[in-house]
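Starting off, we have a lone chain in the form predicted alone, written out as structure tokens.
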């Protein structure tokens, strides 16, 4: 139905259309991404699982899983939240609902083409920027740039006096991620090799996490928690301290990812020190959100969106503690190249960031569709499967990483390390499959909400009615 608006005049398109398009696209890609993750985990747990076909080899499948989650689920969920939060916070309409719809369409077509090309082996071979350079340009100029223009122009045309902290993050992050993609993929454009290529590859990967995935997730929490609880944000000043300390400390050289490389020692030390200073915005964010919950902690049990949001905030604590200290030289030496790093990456993407995005998508889709959630029981099933599945995955991979690190220190034969970590590989597969199953249920629940969910009367919030029988 949304496709009929692609050729309509902007003023004739109902507000929220682009948000709905992005919302369902994000859930679809989350199902695809976690399904591929479950498949890949099965190949590590059971080495004889699906062998003999090159296309289904782990080396072909892994990066498809990673980029389906980052570019599909996480980034489209961000775009969805920007499509409804930015105008709501500015008391206005989206600057161009039509541009939003076309961005969503091009995003889905471009990502599908890029993932298929990656699957059949067309790749740059650079981690987290594996797409061939023509697809990098499509993402930069066909997806991120129009999203950035739409968000910034909506903020510029706001009818409110100030700019709320969420929109500070949205505007800055959509601009910065464009810069990161432009500079980070320059080795492909200019045929850079060797240390320059390695350095820019990890500069790109590091800043995708630090200037896009985690700060936009935090920005979402600054909107959802006050909106859902009815409490004002505890401190706008702390929110702005969070924003500016991210600007100062997170745009680091990222050389802590290459501690054993021949990069200048001062550059690696500088990155390590700034990495520890990341704890300043991290503590500011967690404290600000938890203090905003004052007097409303019962909603952590009763309200689905709050439950997901606060779980994401809690997961930010171990995420930032790990992130701050694991880049110091001694700890980095022990865990480098082990499953610990895989666990930490999933703590950021599948833990903190994903839980906050799920809450925002639940809330936003009900608001834009003006329909009550189809089934609260299915939503609870979704929450517990994703939470237990994620924790199983994260804990098992952390332990496996410590075993691998110890094996490296004590020079244990590699095959003995593989045998020792095998139970944790099975646990990893079970956890990942639980997350995938929960997401299938979520997709069904939201599809049924759109089709048969009870209409919400004017003046009421959909998430309020979800808890009325």
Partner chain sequence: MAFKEYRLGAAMVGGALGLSMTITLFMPSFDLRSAVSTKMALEKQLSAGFDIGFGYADPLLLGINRPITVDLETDPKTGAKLDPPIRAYVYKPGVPMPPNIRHPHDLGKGVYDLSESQGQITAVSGSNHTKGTQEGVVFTLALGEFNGEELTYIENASVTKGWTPDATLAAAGDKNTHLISKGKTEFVVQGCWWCHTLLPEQTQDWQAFGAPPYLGDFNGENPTAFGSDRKAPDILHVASRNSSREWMMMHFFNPRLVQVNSIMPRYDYLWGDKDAQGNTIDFDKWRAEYLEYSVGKRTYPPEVPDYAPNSEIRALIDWVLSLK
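Numbering follows the first chain given and starts at 1. Not measured: the values here are computed from a predicted model.
There is another form of this protein, the form predicted together with the partner chain, and it is not shown here; the text below is about that form.
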(message) Considering non-hydrogen atoms and a 4.5 Å limit, which listed residue (370, 296, 158, 236) is close to the partner chain in the predicted bound form?
(response) 158
(request) Scan 200, 319, 88, 282 and let me know which has any heavy atom within 4.5 Å of the partner chain in the predicted bound form. (result) 200
(message) If contact means a heavy atom within 4.5 Å, which one of 104 to 112, 202 to 210, 78 to 86, 307 to 315 is the stretch that engages the partner chain in the predicted bound form?
(response) 202 to 210
(message) Even though the partner isn't displayed, in the predicted bound form is residue 330 close enough to the partner chain, meaning a heavy atom within 4.5 Å?
(response) no
(request) Give a yes or no for residue 98: in the predicted bound form, does one of its heavy atoms lie within 4.5 Å of a heavy atom belonging to the partner chain? (result) no
(request) Using the partner position in the predicted bound form, report whether residue 344 sits within 4.5 Å of the partner chain, counting heavy atoms only. (result) no
(request) Would you check, heavy atoms only and a 4.5 Å threshold, whether residue 31 touches the partner chain in the predicted bound form? (result) no
(message) Within 4.5 Å of the partner chain in the predicted bound form - does that hold for a heavy atom of every one of 133, 258 and 419?
(response) yes
(request) Taking only heavy atoms into account, state which residues of 58 to 86 are within 4.5 Å of the partner chain in the predicted bound form, ordered by sequence. (result) 58, 59, 60, 62, 63
